[in-house]
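Only one chain is included here, represented as C-alpha coordinates and corresponding to the form predicted alone.
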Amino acid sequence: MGGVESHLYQLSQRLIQRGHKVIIITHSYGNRTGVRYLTNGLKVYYVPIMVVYSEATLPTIYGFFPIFRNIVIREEINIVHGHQAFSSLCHEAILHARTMGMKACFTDHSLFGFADASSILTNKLLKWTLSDIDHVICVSHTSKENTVLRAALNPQMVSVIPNAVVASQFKPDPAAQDQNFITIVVASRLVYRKGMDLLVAAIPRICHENPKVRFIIGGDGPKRIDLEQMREKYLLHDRVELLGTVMQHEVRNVLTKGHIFLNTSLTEAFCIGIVEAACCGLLVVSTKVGGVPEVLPRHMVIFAKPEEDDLVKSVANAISMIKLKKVIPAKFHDEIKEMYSWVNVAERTEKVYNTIWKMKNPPLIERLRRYYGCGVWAGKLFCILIALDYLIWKFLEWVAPRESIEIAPAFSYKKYRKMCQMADKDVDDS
(Lines give C-alpha, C1' and ligand atoms only; values in the text may rest on other atoms or scores of the structure.)
Protein backbone atom coordinates (compact mmCIF):
# COMPACT_ATOMS: atom_id res chain seq x y z
CA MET A 1 0.00 0.00 0.00
CA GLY A 2 1.02 3.56 -0.64
CA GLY A 3 0.30 6.61 1.50
CA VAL A 4 -3.25 7.17 0.20
CA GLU A 5 -4.25 3.53 0.67
CA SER A 6 -2.82 3.54 4.19
CA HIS A 7 -4.69 6.79 4.94
CA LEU A 8 -7.98 5.27 3.76
CA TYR A 9 -7.54 2.12 5.82
CA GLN A 10 -6.51 3.81 9.07
CA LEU A 11 -9.15 6.55 8.82
CA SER A 12 -11.85 3.94 8.12
CA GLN A 13 -10.81 1.89 11.16
CA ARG A 14 -11.06 4.87 13.50
CA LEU A 15 -14.42 5.98 12.07
CA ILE A 16 -15.78 2.45 12.59
CA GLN A 17 -14.57 2.54 16.20
CA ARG A 18 -16.44 5.83 16.62
CA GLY A 19 -19.70 4.16 15.59
CA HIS A 20 -19.90 4.98 11.89
CA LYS A 21 -20.52 2.57 9.04
CA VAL A 22 -17.73 2.74 6.44
CA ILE A 23 -17.35 0.99 3.10
CA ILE A 24 -14.62 1.45 0.51
CA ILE A 25 -15.22 1.25 -3.24
CA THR A 26 -12.16 0.66 -5.41
CA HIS A 27 -11.24 -1.20 -8.57
CA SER A 28 -10.26 -4.87 -8.74
CA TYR A 29 -6.64 -5.91 -8.21
CA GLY A 30 -5.86 -9.01 -10.28
CA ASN A 31 -8.08 -11.81 -8.99
CA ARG A 32 -9.25 -9.74 -6.04
CA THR A 33 -12.76 -8.82 -7.15
CA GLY A 34 -16.14 -8.72 -5.45
CA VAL A 35 -16.66 -7.97 -1.77
CA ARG A 36 -14.09 -8.51 0.99
CA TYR A 37 -14.22 -7.85 4.72
CA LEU A 38 -11.15 -6.40 6.42
CA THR A 39 -10.39 -5.73 10.10
CA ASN A 40 -13.34 -4.68 12.29
CA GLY A 41 -15.84 -5.35 9.52
CA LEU A 42 -14.50 -2.80 7.04
CA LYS A 43 -16.26 -3.74 3.81
CA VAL A 44 -14.42 -3.26 0.51
CA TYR A 45 -16.04 -3.46 -2.93
CA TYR A 46 -13.53 -4.37 -5.66
CA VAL A 47 -15.33 -3.25 -8.82
CA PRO A 48 -14.25 -5.02 -12.06
CA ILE A 49 -13.14 -1.95 -14.02
CA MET A 50 -10.28 -1.92 -16.51
CA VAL A 51 -6.94 -0.60 -15.22
CA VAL A 52 -5.06 1.34 -17.91
CA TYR A 53 -1.85 2.60 -16.24
CA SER A 54 -0.20 2.53 -12.81
CA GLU A 55 -3.33 1.20 -11.04
CA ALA A 56 -5.46 3.99 -12.56
CA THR A 57 -8.78 2.96 -14.11
CA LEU A 58 -10.17 3.87 -17.51
CA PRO A 59 -12.45 6.92 -17.17
CA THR A 60 -15.98 5.94 -18.19
CA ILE A 61 -18.00 8.91 -16.78
CA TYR A 62 -21.29 6.97 -16.88
CA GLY A 63 -20.19 3.31 -17.02
CA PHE A 64 -19.56 3.24 -13.27
CA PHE A 65 -22.93 4.81 -12.40
CA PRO A 66 -25.23 1.72 -12.30
CA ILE A 67 -23.03 -0.33 -9.97
CA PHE A 68 -22.17 2.72 -7.84
CA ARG A 69 -25.87 3.53 -7.40
CA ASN A 70 -26.61 -0.07 -6.48
CA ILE A 71 -23.85 -0.15 -3.85
CA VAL A 72 -24.72 3.14 -2.12
CA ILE A 73 -28.43 2.26 -1.98
CA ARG A 74 -27.70 -1.27 -0.80
CA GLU A 75 -25.37 0.00 1.93
CA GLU A 76 -27.57 3.02 2.84
CA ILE A 77 -24.70 5.49 2.38
CA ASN A 78 -25.19 9.14 3.38
CA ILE A 79 -21.81 10.73 2.56
CA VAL A 80 -19.40 9.96 -0.28
CA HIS A 81 -15.77 10.85 0.46
CA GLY A 82 -13.45 10.81 -2.54
CA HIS A 83 -9.65 10.63 -2.29
CA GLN A 84 -6.88 11.65 -4.69
CA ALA A 85 -7.11 13.83 -7.81
CA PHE A 86 -5.51 11.08 -9.94
CA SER A 87 -8.44 8.71 -9.37
CA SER A 88 -11.08 8.64 -12.09
CA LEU A 89 -13.27 6.50 -9.80
CA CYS A 90 -13.13 9.30 -7.23
CA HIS A 91 -14.26 11.96 -9.72
CA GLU A 92 -17.06 9.78 -11.08
CA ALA A 93 -18.28 8.81 -7.60
CA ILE A 94 -18.53 12.46 -6.51
CA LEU A 95 -20.34 13.39 -9.73
CA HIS A 96 -22.90 10.59 -9.36
CA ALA A 97 -23.33 11.16 -5.62
CA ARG A 98 -24.23 14.81 -6.17
CA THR A 99 -26.67 13.85 -8.92
CA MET A 100 -28.34 11.44 -6.48
CA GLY A 101 -28.63 14.22 -3.87
CA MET A 102 -25.98 12.84 -1.52
CA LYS A 103 -23.40 14.77 0.48
CA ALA A 104 -19.85 14.67 -0.89
CA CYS A 105 -16.39 15.76 0.17
CA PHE A 106 -12.94 15.31 -1.31
CA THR A 107 -9.42 14.86 0.08
CA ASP A 108 -6.47 15.96 -2.06
CA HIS A 109 -3.21 14.12 -1.32
CA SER A 110 -0.98 15.59 -4.06
CA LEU A 111 0.46 18.79 -5.46
CA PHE A 112 0.16 19.80 -9.11
CA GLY A 113 1.79 22.38 -11.32
CA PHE A 114 0.08 24.80 -13.65
CA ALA A 115 2.22 24.89 -16.80
CA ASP A 116 2.55 21.42 -18.37
CA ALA A 117 -0.20 19.79 -20.44
CA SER A 118 -0.87 17.03 -17.90
CA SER A 119 -1.40 19.51 -15.07
CA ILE A 120 -3.64 21.77 -17.17
CA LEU A 121 -5.93 18.85 -18.06
CA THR A 122 -5.96 17.44 -14.53
CA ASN A 123 -6.65 20.86 -13.01
CA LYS A 124 -9.58 21.43 -15.37
CA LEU A 125 -10.96 18.01 -14.42
CA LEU A 126 -10.54 18.86 -10.72
CA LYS A 127 -12.28 22.19 -11.18
CA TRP A 128 -15.17 20.35 -12.82
CA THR A 129 -15.50 17.87 -9.95
CA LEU A 130 -15.10 20.44 -7.18
CA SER A 131 -17.50 22.96 -8.71
CA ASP A 132 -20.26 21.08 -6.89
CA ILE A 133 -18.70 19.78 -3.66
CA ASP A 134 -19.69 20.30 -0.03
CA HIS A 135 -16.17 20.42 1.45
CA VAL A 136 -12.52 19.77 0.58
CA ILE A 137 -9.79 18.41 2.86
CA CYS A 138 -6.06 18.85 2.23
CA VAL A 139 -3.19 17.18 4.09
CA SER A 140 -1.04 20.32 4.48
CA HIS A 141 -1.36 24.10 4.21
CA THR A 142 0.80 24.07 1.09
CA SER A 143 -1.58 21.52 -0.42
CA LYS A 144 -4.53 23.75 0.53
CA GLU A 145 -3.08 26.76 -1.28
CA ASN A 146 -2.36 24.59 -4.31
CA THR A 147 -5.86 23.09 -4.43
CA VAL A 148 -7.59 26.44 -3.91
CA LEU A 149 -5.69 27.92 -6.86
CA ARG A 150 -6.15 24.90 -9.13
CA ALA A 151 -9.89 24.48 -8.55
CA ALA A 152 -10.76 28.17 -7.93
CA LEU A 153 -12.26 27.32 -4.54
CA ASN A 154 -13.35 29.48 -1.62
CA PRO A 155 -10.60 28.93 1.01
CA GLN A 156 -13.27 28.79 3.73
CA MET A 157 -14.60 25.51 2.35
CA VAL A 158 -11.16 23.85 2.51
CA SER A 159 -9.84 22.30 5.73
CA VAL A 160 -6.34 21.04 6.57
CA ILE A 161 -6.24 17.62 8.24
CA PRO A 162 -2.82 15.93 8.11
CA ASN A 163 -2.01 12.24 7.80
CA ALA A 164 -1.04 10.32 10.93
CA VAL A 165 0.82 7.20 11.99
CA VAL A 166 0.09 4.25 14.27
CA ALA A 167 3.06 4.80 16.58
CA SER A 168 2.76 1.35 18.19
CA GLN A 169 3.53 -0.23 14.80
CA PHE A 170 6.72 1.82 14.30
CA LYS A 171 8.81 1.34 17.42
CA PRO A 172 12.62 1.80 17.20
CA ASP A 173 14.81 -1.29 17.38
CA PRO A 174 18.53 -0.38 17.70
CA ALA A 175 19.44 -4.08 17.72
CA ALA A 176 18.32 -4.37 14.08
CA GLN A 177 20.97 -1.90 12.87
CA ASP A 178 24.30 -3.01 11.40
CA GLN A 179 26.95 -1.51 13.69
CA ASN A 180 29.64 -1.82 10.99
CA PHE A 181 27.84 0.48 8.56
CA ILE A 182 25.69 3.59 8.56
CA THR A 183 22.57 2.47 6.73
CA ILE A 184 20.48 4.87 4.63
CA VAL A 185 16.94 3.67 3.90
CA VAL A 186 14.82 4.76 0.93
CA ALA A 187 11.19 3.56 0.86
CA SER A 188 9.22 4.97 -2.04
CA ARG A 189 7.57 4.27 -5.35
CA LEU A 190 10.40 4.29 -7.87
CA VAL A 191 8.98 6.94 -10.20
CA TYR A 192 10.20 10.28 -11.55
CA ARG A 193 7.98 12.32 -9.19
CA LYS A 194 9.72 10.73 -6.20
CA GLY A 195 13.11 12.06 -7.40
CA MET A 196 14.62 8.74 -8.45
CA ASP A 197 16.85 10.43 -11.04
CA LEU A 198 18.26 12.56 -8.23
CA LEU A 199 18.81 9.46 -6.11
CA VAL A 200 20.58 7.64 -8.96
CA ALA A 201 23.00 10.57 -9.34
CA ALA A 202 23.64 11.00 -5.60
CA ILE A 203 24.23 7.40 -4.44
CA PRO A 204 27.63 6.87 -6.20
CA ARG A 205 28.98 10.15 -4.79
CA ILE A 206 27.77 9.37 -1.26
CA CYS A 207 29.26 5.87 -1.38
CA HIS A 208 32.57 7.21 -2.73
CA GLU A 209 32.89 9.83 0.02
CA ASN A 210 31.77 7.47 2.81
CA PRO A 211 33.12 3.88 2.56
CA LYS A 212 31.11 2.81 5.63
CA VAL A 213 27.72 3.78 4.19
CA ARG A 214 25.24 1.41 2.56
CA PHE A 215 21.74 1.84 1.09
CA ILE A 216 18.54 -0.19 1.45
CA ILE A 217 15.95 0.77 -1.17
CA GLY A 218 12.38 -0.52 -0.84
CA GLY A 219 9.73 -0.06 -3.48
CA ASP A 220 9.14 -0.74 -7.15
CA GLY A 221 8.43 1.21 -10.30
CA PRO A 222 9.75 2.13 -13.75
CA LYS A 223 12.90 3.78 -12.31
CA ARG A 224 14.13 0.52 -10.78
CA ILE A 225 15.98 -0.20 -14.02
CA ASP A 226 17.99 3.02 -13.62
CA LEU A 227 18.95 2.05 -10.06
CA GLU A 228 20.06 -1.41 -11.19
CA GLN A 229 22.14 0.09 -14.01
CA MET A 230 23.76 2.54 -11.57
CA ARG A 231 24.60 -0.32 -9.22
CA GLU A 232 26.15 -2.29 -12.09
CA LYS A 233 28.13 0.66 -13.42
CA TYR A 234 29.71 1.61 -10.08
CA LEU A 235 30.01 -1.96 -8.71
CA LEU A 236 27.89 -1.23 -5.64
CA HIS A 237 26.15 -4.60 -5.30
CA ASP A 238 27.38 -5.05 -1.73
CA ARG A 239 26.36 -1.53 -0.66
CA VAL A 240 23.05 -0.91 -2.47
CA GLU A 241 20.29 -3.41 -1.70
CA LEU A 242 17.12 -3.30 -3.81
CA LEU A 243 14.24 -4.97 -1.96
CA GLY A 244 11.51 -4.47 -4.56
CA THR A 245 7.91 -4.23 -3.36
CA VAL A 246 7.64 -4.06 0.44
CA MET A 247 4.39 -5.16 2.08
CA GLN A 248 2.84 -2.75 4.58
CA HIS A 249 3.48 -4.99 7.59
CA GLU A 250 7.17 -5.27 6.62
CA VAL A 251 7.86 -1.51 6.38
CA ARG A 252 8.81 -1.17 10.05
CA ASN A 253 11.32 -4.03 9.81
CA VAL A 254 12.99 -2.30 6.85
CA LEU A 255 13.07 1.12 8.54
CA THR A 256 14.58 -0.12 11.79
CA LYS A 257 17.63 -1.41 9.89
CA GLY A 258 18.59 2.16 9.02
CA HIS A 259 20.12 5.17 10.72
CA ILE A 260 19.02 7.73 8.11
CA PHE A 261 15.88 7.95 5.97
CA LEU A 262 16.33 9.65 2.59
CA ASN A 263 13.42 11.26 0.73
CA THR A 264 14.22 12.75 -2.69
CA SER A 265 10.70 13.72 -3.83
CA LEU A 266 10.37 16.52 -6.37
CA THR A 267 6.83 17.29 -5.22
CA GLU A 268 5.05 16.17 -2.07
CA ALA A 269 1.91 17.33 -0.28
CA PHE A 270 2.71 15.64 3.03
CA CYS A 271 4.91 12.47 2.79
CA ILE A 272 3.77 9.97 5.41
CA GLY A 273 7.00 8.02 4.81
CA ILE A 274 9.15 10.54 6.70
CA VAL A 275 6.74 10.44 9.66
CA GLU A 276 6.97 6.65 9.84
CA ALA A 277 10.76 6.83 9.57
CA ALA A 278 11.07 9.45 12.33
CA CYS A 279 8.74 7.35 14.49
CA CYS A 280 11.19 4.45 14.07
CA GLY A 281 13.96 6.75 15.29
CA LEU A 282 15.65 7.55 11.97
CA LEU A 283 17.13 10.92 11.17
CA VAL A 284 15.39 12.21 8.05
CA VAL A 285 17.08 13.87 5.07
CA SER A 286 14.51 15.27 2.66
CA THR A 287 14.22 17.62 -0.27
CA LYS A 288 12.53 20.86 0.79
CA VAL A 289 9.50 20.70 -1.48
CA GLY A 290 5.73 21.14 -1.10
CA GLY A 291 4.32 20.48 2.34
CA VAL A 292 7.35 18.56 3.66
CA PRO A 293 8.67 21.48 5.81
CA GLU A 294 5.37 21.40 7.76
CA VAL A 295 5.62 17.76 8.77
CA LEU A 296 8.52 17.29 11.23
CA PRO A 297 10.31 19.45 13.84
CA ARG A 298 13.65 20.81 12.66
CA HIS A 299 15.74 18.60 14.96
CA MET A 300 14.36 15.48 13.23
CA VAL A 301 15.02 16.48 9.63
CA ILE A 302 17.77 17.96 7.46
CA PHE A 303 16.48 19.71 4.36
CA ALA A 304 18.14 19.86 0.96
CA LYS A 305 17.36 21.61 -2.29
CA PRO A 306 16.19 19.20 -5.01
CA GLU A 307 19.69 19.32 -6.48
CA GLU A 308 22.41 16.67 -6.53
CA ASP A 309 25.16 18.72 -4.81
CA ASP A 310 22.97 19.97 -1.98
CA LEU A 311 21.50 16.51 -1.40
CA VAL A 312 24.97 14.96 -1.08
CA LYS A 313 25.99 17.74 1.34
CA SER A 314 22.89 17.22 3.50
CA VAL A 315 23.44 13.46 3.65
CA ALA A 316 27.05 14.12 4.75
CA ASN A 317 25.75 16.33 7.58
CA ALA A 318 23.33 13.60 8.64
CA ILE A 319 26.15 11.00 8.65
CA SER A 320 28.19 13.28 10.91
CA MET A 321 25.28 13.58 13.34
CA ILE A 322 24.92 9.78 13.46
CA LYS A 323 28.65 9.34 14.12
CA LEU A 324 28.50 11.90 16.94
CA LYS A 325 25.42 10.08 18.39
CA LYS A 326 23.25 13.20 18.31
CA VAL A 327 20.14 11.17 17.39
CA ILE A 328 18.07 9.54 20.17
CA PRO A 329 15.56 7.14 18.51
CA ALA A 330 13.34 6.71 21.59
CA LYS A 331 12.93 10.49 21.91
CA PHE A 332 11.89 10.79 18.25
CA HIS A 333 9.31 8.04 18.74
CA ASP A 334 7.74 9.65 21.81
CA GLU A 335 7.45 13.03 20.09
CA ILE A 336 5.84 11.62 16.93
CA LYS A 337 3.37 9.61 19.03
CA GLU A 338 2.11 12.85 20.58
CA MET A 339 2.09 14.81 17.31
CA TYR A 340 0.25 12.45 14.94
CA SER A 341 -2.73 10.36 15.97
CA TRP A 342 -5.38 8.72 13.76
CA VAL A 343 -7.93 9.23 16.55
CA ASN A 344 -7.40 12.98 16.23
CA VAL A 345 -7.64 12.80 12.42
CA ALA A 346 -10.90 10.83 12.66
CA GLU A 347 -12.38 13.36 15.10
CA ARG A 348 -11.54 16.27 12.81
CA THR A 349 -12.88 14.42 9.76
CA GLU A 350 -16.08 13.67 11.69
CA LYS A 351 -16.54 17.40 12.29
CA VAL A 352 -16.36 17.95 8.52
CA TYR A 353 -19.03 15.27 8.01
CA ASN A 354 -21.27 16.88 10.64
CA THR A 355 -20.85 20.27 8.96
CA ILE A 356 -21.75 19.12 5.46
CA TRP A 357 -24.62 16.99 6.77
CA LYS A 358 -26.40 20.20 7.85
CA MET A 359 -25.97 21.85 4.44
CA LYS A 360 -28.84 21.97 1.94
CA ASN A 361 -28.48 20.22 -1.40
CA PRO A 362 -28.55 22.66 -4.34
CA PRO A 363 -31.24 22.19 -7.03
CA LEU A 364 -30.23 21.04 -10.51
CA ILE A 365 -30.37 24.55 -11.94
CA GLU A 366 -27.89 25.77 -9.32
CA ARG A 367 -25.55 22.87 -10.09
CA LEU A 368 -25.68 23.73 -13.79
CA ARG A 369 -24.90 27.37 -12.99
CA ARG A 370 -21.77 26.31 -11.07
CA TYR A 371 -20.55 24.11 -13.89
CA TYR A 372 -21.29 26.77 -16.50
CA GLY A 373 -18.70 29.00 -14.83
CA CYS A 374 -15.88 26.53 -15.50
CA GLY A 375 -14.97 28.11 -18.84
CA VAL A 376 -16.29 29.44 -22.14
CA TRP A 377 -16.32 26.06 -23.84
CA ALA A 378 -15.65 23.74 -20.91
CA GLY A 379 -18.61 25.17 -18.99
CA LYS A 380 -21.08 24.30 -21.75
CA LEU A 381 -19.59 20.81 -22.13
CA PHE A 382 -19.78 20.20 -18.37
CA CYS A 383 -23.44 21.28 -18.30
CA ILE A 384 -24.24 18.77 -21.05
CA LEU A 385 -22.45 16.00 -19.13
CA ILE A 386 -24.29 16.83 -15.89
CA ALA A 387 -27.67 17.00 -17.62
CA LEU A 388 -27.01 13.60 -19.22
CA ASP A 389 -25.92 12.18 -15.84
CA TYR A 390 -29.20 13.39 -14.35
CA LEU A 391 -31.21 11.74 -17.13
CA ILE A 392 -29.30 8.46 -16.68
CA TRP A 393 -30.06 8.58 -12.95
CA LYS A 394 -33.79 9.05 -13.63
CA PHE A 395 -33.66 6.16 -16.12
CA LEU A 396 -31.98 3.90 -13.54
CA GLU A 397 -34.58 4.89 -10.95
CA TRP A 398 -37.26 3.74 -13.40
CA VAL A 399 -35.55 0.54 -14.57
CA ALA A 400 -34.32 -0.55 -11.12
CA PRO A 401 -36.37 1.22 -8.42
CA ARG A 402 -34.81 1.67 -5.01
CA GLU A 403 -37.44 -0.59 -3.47
CA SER A 404 -36.18 -3.51 -5.57
CA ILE A 405 -32.60 -3.27 -4.24
CA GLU A 406 -32.02 -5.46 -1.20
CA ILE A 407 -30.49 -3.66 1.79
CA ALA A 408 -27.24 -5.26 3.03
CA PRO A 409 -27.23 -6.35 6.69
CA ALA A 410 -25.13 -4.08 8.88
CA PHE A 411 -21.96 -5.45 10.47
CA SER A 412 -22.24 -5.30 14.26
CA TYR A 413 -18.93 -3.84 15.41
CA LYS A 414 -19.89 -4.01 19.11
CA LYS A 415 -20.81 -7.69 18.84
CA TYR A 416 -17.61 -8.38 16.91
CA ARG A 417 -15.46 -6.67 19.57
CA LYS A 418 -17.24 -8.58 22.33
CA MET A 419 -16.55 -11.89 20.56
CA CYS A 420 -12.87 -10.94 20.10
CA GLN A 421 -12.56 -10.11 23.81
CA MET A 422 -14.18 -13.42 24.79
CA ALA A 423 -11.81 -15.29 22.45
CA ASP A 424 -8.79 -13.49 23.94
CA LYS A 425 -10.00 -14.36 27.44
CA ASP A 426 -10.38 -18.05 26.52
CA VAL A 427 -6.81 -18.08 25.13
CA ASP A 428 -5.46 -16.48 28.32
CA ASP A 429 -7.34 -18.98 30.52
CA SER A 430 -5.99 -21.94 28.54
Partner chain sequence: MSEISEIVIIYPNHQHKCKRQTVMFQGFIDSDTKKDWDSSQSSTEKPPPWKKLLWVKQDYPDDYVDSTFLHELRKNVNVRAYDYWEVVMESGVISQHISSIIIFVAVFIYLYFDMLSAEKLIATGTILTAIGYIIWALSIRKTDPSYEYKQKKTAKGAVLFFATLLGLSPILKTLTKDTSSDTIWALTVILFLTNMLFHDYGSGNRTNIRFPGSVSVNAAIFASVLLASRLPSNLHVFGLMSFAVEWFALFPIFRRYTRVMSKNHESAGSGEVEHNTPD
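Numbering follows the first chain given and starts at 1. Owing to the predicted nature of the structure, the values given are computational and were not obtained by experimental measurement.
Heads up, the form predicted in complex with its partner chain isn't pictured, but that's what we're talking about next.
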{"property": "The unique member of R252, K288, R224, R205 whose heavy atoms fall within 4.5 Å of its partner chain in the predicted bound form", "result": "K288"}
{"property": "Position in contact with its partner chain when the complex is considered in the predicted bound form, options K212, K331, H141, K323, heavy atoms within 4.5 Å", "result": "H141"}
{"property": "Segment that reaches its partner chain in the predicted bound form - one of 89-97, 313-321, 213-221, 340-348, heavy atoms within 4.5 Å", "result": "340-348"}
{"property": "Non-hydrogen atom contact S159 with its partner chain in the predicted bound form at 4.5 angstroms", "result": "yes"}
{"property": "4.5 Å heavy atom contact, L153 and its partner chain in the predicted bound form", "result": "yes"}
{"property": "4.5 angstroms heavy atom contact with its partner chain in the predicted bound form for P174", "result": "no"}
{"property": "Interface membership of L235, its partner chain in the predicted bound form, 4.5 Å heavy atom rule", "result": "no"}
{"property": "Residues from 279-300 in contact with its partner chain (non-hydrogen atom within 4.5 Å) in the predicted bound form", "result": "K288, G290, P293, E294, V295, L296, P297"}
